[in-house]
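A single chain comes next, written as structure tokens; it is the form predicted on its own.
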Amino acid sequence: MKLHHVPGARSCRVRWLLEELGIEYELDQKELRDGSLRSPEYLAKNPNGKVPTLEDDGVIFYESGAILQYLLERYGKGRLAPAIDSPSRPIFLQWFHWAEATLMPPMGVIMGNRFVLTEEDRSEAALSVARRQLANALRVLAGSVEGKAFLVDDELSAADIMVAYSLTLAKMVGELPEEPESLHHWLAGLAARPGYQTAFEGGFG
């Protein structure tokens, strides 16, 4: 199994899950600015020119959420996700997908208007709207993790991994407010895990 990875990218989610599941893997670490993501060889694996990309037993595919779901189904053996017939399963799926559907869109606009777009293409209005959307999403998350170590039941799940990546990104670029404290307590507990620390080696970018 090979994981194509850039420090701080969504591939951190995959690396973290691999570490938690104890799956052996080869890490192909790339850099955003060295051109490797735009090489013909890599684009043949992932035409988006992004990470993560996973290679496993002849299968090559991308999208962090899809990869996490695949790993859970093929190698999880019931770990890090409630059983399909568990009453906790719908809540797990809700948070698993909430990370990308609700939390990451405003972060994408923020990242674009702060770091990616040229000065002439940046929009203070778009940045302001995205920050309001992010604040609303963070309030929802804060209420759900108040006094809790994990999003679902009393144990780590892949939903925590999906959401905590997005929250870590917000923190690293200075977009995570000091309040509510519940967000920081929840993230700190996850950040103490060896799997998290391995996944985020090298910081961002």
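Position 1 is the first residue in the sequence shown; the rest follow in order. Keep in mind that what you see is a predicted model, and the values were worked out from it rather than measured.
Heads up, the form predicted together with a small molecule isn't pictured, but that's what we're talking about next.
Engineer: Within 4.5 Å, heavy atoms only, one stretch in 8 to 16, 21 to 29, 193 to 201, 179 to 187 touches the small molecule in the predicted bound form. Which?
Structural biologist: Selected range: 8 to 16.
Engineer: Can you check whether residue 35 is within 4.5 Å of the small molecule in the predicted bound form, heavy atom basis?
Structural biologist: Contact check for residue 35: no, nothing within 4.5 Å of the small molecule in the predicted bound form.
Engineer: Is residue 49 close enough to touch the small molecule in the predicted bound form, meaning at least one heavy atom pair within 4.5 Å?
Structural biologist: Although the small molecule is absent here, residue 49 would touch it in the predicted bound form, with heavy atoms inside 4.5 Å.
Engineer: Is residue 166 a contact residue for the small molecule in the predicted bound form, using a 4.5 Å heavy atom cut-off?
Structural biologist: So residue 166 does not count as contacting the small molecule.
Engineer: Looking at the partner-bound form in the predicted bound form, is residue 64 within 4.5 Å of the small molecule by any heavy atom?
Structural biologist: Yes, residue 64 is a contact residue.
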